[in-house]
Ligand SMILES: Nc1ncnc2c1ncn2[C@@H]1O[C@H](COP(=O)(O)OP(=O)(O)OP(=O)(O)O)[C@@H](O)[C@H]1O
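Here you get one chain, nothing else, as structure tokens; it is the form predicted on its own.
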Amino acid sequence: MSAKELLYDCQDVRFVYPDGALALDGISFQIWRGDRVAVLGVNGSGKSTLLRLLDGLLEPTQGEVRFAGTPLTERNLQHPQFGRNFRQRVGFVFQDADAQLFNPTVWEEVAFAPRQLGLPEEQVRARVMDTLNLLGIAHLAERAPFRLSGGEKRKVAIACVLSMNPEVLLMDEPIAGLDPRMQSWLVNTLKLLHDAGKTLIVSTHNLHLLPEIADRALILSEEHTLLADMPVEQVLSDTHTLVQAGLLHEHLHAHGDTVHSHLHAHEHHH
């Protein structure tokens, strides 16, 4: 069996925003083709920034993010061959679906990226139909995206990325704000995509769905460092690390003269 391809190699990555706000501080890790990785951390720990670096939307202030051996720099992404190849291989689903949707109909929305790749219209039509059917939203094809429900918008945003048929799917807090039925749909969709060979990198602070969506977790601290890189089954039993990351907190309360502590997950959404 051949060795898995190393997709991402991040070495000592630091990112500081123009206003001086530190987002990530000295982070190093690697991701191979076919991995299912969760990026865990509380809001403000740097999860979204990390995904934007992996998508080439930001460039590290210090250190290096390499994709398939090539540094993700603005200069390299402007190179026609590498830039096009990277955009075909990597798709990014933003946390806010509205940030991704701007066409008059769902059909036009999903057709936009394949057309940007210069595919023949016949191939574009086939991709759009395949993607809409895969996600069960063919009935929304002629609807205006802004008139859809939150859950429907999320499906359309995912469809827009899948129509590119990327190898790597970056998803920023895809579970946040979804009702249980939509959460279940998303988890099943992610399983299907992984079974089809996709590499999944998903940010979340939702611990109870973690084993369903990832095999490995990168845990960011509130100080914007990489606190841990470990298998998911270890994460859920490592309460010390989860408390350290702010993903669990200890709740003290008294029963008569005895004080008990209980751990609670930070599952609220903003």
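Just count from 1 along the sequence shown to find any residue number. For clarity, every value in this text was computed on a predicted model and none was experimentally measured.
FYI, the form predicted together with this ligand isn't displayed, but the following is about it.
Although the partner is absent here, Asn103 sits far enough away that none of its heavy atoms falls within 4.5 Å of this ligand in the model of the complex.
When contacts are judged by a 4.5 Å heavy atom cut-off, Arg33 does not count as touching this ligand in the model of the complex. This ligand is not drawn, but in the model of the complex it has a heavy atom within 4.5 Å of Ala23. Contact between Ala228 and this ligand in the model of the complex is not found at the 4.5 Å heavy atom cutoff.
The stretch from 43-51, 25-33, 65-73, 210-218 that comes within 4.5 Å of this ligand in the model of the complex, counting heavy atoms only, is 43-51. Each of Asp19, His205 and His224 comes within 4.5 Å of this ligand in the model of the complex, counting any heavy atom. Heavy atoms closer than or equal to 4.5 Å to this ligand in the model of the complex belong, across 87-125, to one residue only: Gln95.
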